[in-house]
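Shown here is one chain on its own, the form predicted on its own, set out as structure tokens.
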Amino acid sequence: MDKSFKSILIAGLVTVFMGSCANSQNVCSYQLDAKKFDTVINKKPVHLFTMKNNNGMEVSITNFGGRIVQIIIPDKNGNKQDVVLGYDNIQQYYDIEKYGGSDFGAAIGRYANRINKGQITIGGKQIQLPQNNFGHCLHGGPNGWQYAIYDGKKENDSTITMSIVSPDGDANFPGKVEAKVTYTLTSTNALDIQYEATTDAETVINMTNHSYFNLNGDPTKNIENCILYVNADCMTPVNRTFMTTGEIVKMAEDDPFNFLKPKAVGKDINADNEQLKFGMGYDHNWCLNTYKDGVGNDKEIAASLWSPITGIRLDVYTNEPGIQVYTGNFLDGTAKGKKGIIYNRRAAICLETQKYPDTPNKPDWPTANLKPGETYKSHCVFAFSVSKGL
């Protein structure tokens, strides 16, 4: 975060009610103290919003970055498990200089993932975006929407909306964009996420959710034991700077990146493979088989994850062409999350449904362009259940 933006945050910060956890550690481990998220930043109120269903599932979201802070789901023994990484107070989210920062749970925009050299061309004009990752623009730059204050509203017991207005020239992206993220908790233990956006000038947009999942329910145990399935025959390789090369590569059956047959995340993660060495593990885009002829089938499973410890299963559905699988390779133990747990390398896995990385510079790939009069729509479902495997 640059100093000017940081100063705005600090100047706008009024009071954070720290509160205290409930008396028992057992309650603390399952329940966030909403008062620890009540504050005002840049004259905008920040709160924690929580949805619950009758099955014991809970989802808590803050309008700081539209972030999913906690997902509680009963495991195979009926014990409630928190299956996402995050912090239990608002300070650790916004004070990057002190706490290191993260994208934990964020609604990412304007453009999720990387744009080569931070450059896009719209209407024949080249536009320079912020360069915050190996010379590329990552997740909208250092002041992306993950650090913005959304207008949060709990519509009813099962629906929360997060809205944002991004002015023309925000991080040098063209067009005034009005976007909304709708989170719905269903009676069948699914978190349904709908993204919508409009613009008054041609621009690019690619939104996603950046939750870090640990279905073991214990981030001290890494996710290499979890079983992963990705419904994809192809992936997009990267270079040493994590930028897609423009190739779409079909994976052989024994390719470390092939998860058509479910296998443990850690089975091949340390293989002698150039792509794995570049990413220090998996940090790549898979081209989903659920996307054909320009249309994504959000009724067919795009990816699945299962913990043999808790029996918790996550099925991902989307209408997007790609999914970025990131295995927490850069978590380095500096982040101390909920319950004071230190998040070490591979403490979680991200399953980010989105356009392919650097799509604005790859004209043959499914477009990320949005024009006036059009509505950007993206759909992702995180469906939870308990099973004996994949």
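The first residue of the shown sequence is 1; numbering continues from there. Owing to the predicted nature of the structure, the values given are computational and were not obtained by experimental measurement.
Another form, the form predicted in complex with a small molecule, is not on view; read the next lines as being about it.
S.K.: In the predicted bound form, does each residue in the set 212, 330 and 352 place a non-hydrogen atom within 4.5 angstroms of the small molecule?
M.R.: Judged in the predicted bound form, 212, 330 and 352 all sit within 4.5 Å of the small molecule.
S.K.: So, in the predicted bound form, is residue 138 in contact with the small molecule at a 4.5 angstroms heavy atom limit?
M.R.: Close contact exists here: in the predicted bound form, residue 138 approaches the small molecule to within 4.5 Å, heavy atoms only.
S.K.: Considering non-hydrogen atoms and a 4.5 Å limit, does the small molecule approach residue 356 in the predicted bound form?
M.R.: Contact with the small molecule, no.
S.K.: Against the small molecule in the predicted bound form, would residue 313 count as a contact residue? Criterion: heavy atoms within 4.5 Å.
M.R.: No, residue 313 is distant from the partner.
S.K.: Under a 4.5 Å heavy atom criterion, is residue 326 part of the interface with the small molecule in the predicted bound form?
M.R.: Residue 326 belongs to the contact set for the small molecule.
S.K.: Counting only non-hydrogen atoms, which stretch in 359 to 367, 55 to 63, 336 to 344, 318 to 326 is within 4.5 Å of the small molecule in the predicted bound form?
M.R.: Contact criterion met by 318 to 326 only.
S.K.: Just to be sure I understand the contacts: of 103, 298, 170, 82, which is the one whose heavy atoms reach within 4.5 angstroms of the small molecule in the predicted bound form?
M.R.: Of the listed residues, the single hit is 103.
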